[in-house]
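Only one chain is given next, in structure tokens, and it is the form predicted alone.
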Amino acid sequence: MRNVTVAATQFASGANNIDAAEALVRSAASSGANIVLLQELFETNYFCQKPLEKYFSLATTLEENPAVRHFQALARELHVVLPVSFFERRNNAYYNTLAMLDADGALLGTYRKSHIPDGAGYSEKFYFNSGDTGFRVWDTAFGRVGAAVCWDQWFPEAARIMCLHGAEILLYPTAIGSEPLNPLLDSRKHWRTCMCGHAAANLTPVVASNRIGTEREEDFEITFYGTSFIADASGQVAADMDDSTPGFVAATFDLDALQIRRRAWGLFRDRRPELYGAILTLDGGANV
């Protein structure tokens, strides 16, 4: 038996987001959480609503980022695994990056967001290069963990590749809410169903942490719909939150039992990768 407790958090951006995030991590850890997930780009407001040059000043190198340094110390103190999402600058490139911090504070590595959205209110292609790390998993103190970021979660290929690399838990820090040009569109049910599908198809728990609150940028505003949640390995919601309350939820999984279940179910045994060539093309490639 190898029980691991994971926590999904959510909070509204405010005057001191690092302090707000730390408070949630401490609360979750005191309740027994081993892995605590914070939302995407939590240091600041979600600055990607509009393409504005001034926000490039928020980017830092990995070595200089204050949130990474701060949460390395906190991970070490509380003995928890902490993925930290931040705006990375590397020479003339800019990335939406996640740093994976182990329970001793060690930096295990980084993942750069692969799929970059571009739409009203979510103008990320203005700010971020497409990630070049490939999909990553890490051996942490509490299991082999895969992590991708927000828009990545709509792509089943990302989840499957992390699980093929041996991920036992999938983590998705997120910033998603209303659509500035279409206030009637509410994607929360679609969003959750998509990720529950990743859990079910891979027999692997999924953790998603989203923002809450309304953030404004000039003539745009987004109300982030929270509803952070944890899905179990059958794709059922094990714990979830509402659309406006800050806090966390947690769930415990026996990773050894889930490994046996994955072997017995046959989803990985019966794969036919030699038939999947079309997935390497954009149009289904007649010549594959």
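Quantities reported herein were computed from a predicted structural model and do not represent experimental measurements. Numbering starts at 1 and follows the sequence shown.
Beyond what is shown, the protein has a form predicted in complex with a further copy of the same chain; the following relates to that form.
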{"query": "Interface residue in the predicted complex among 125, 216, 79, 90, criterion: non-hydrogen atom within 4.5 angstroms of a further copy of the same chain", "finding": "125"}
{"query": "Listed range touching a further copy of the same chain, judged in the predicted complex by heavy atoms within 4.5 Å, from 70 to 78, 115 to 123, 98 to 106, 208 to 216", "finding": "115 to 123"}
{"query": "Non-hydrogen atom contact residue 246 with a further copy of the same chain in the predicted complex at 4.5 angstroms", "finding": "no"}
{"query": "Contact flag, residue 277 vs a further copy of the same chain in the predicted complex, heavy atom cut 4.5 Å", "finding": "yes"}
{"query": "Residue 234, heavy atom within 4.5 angstroms of a further copy of the same chain in the predicted complex", "finding": "yes"}
{"query": "4.5 angstroms heavy atom contact with a further copy of the same chain in the predicted complex for residue 282", "finding": "yes"}
{"query": "Residues in 156 to 180 close to a further copy of the same chain in the predicted complex, defined by a heavy atom within 4.5 Å, in order", "finding": "156, 157, 160, 161, 164, 165, 179"}
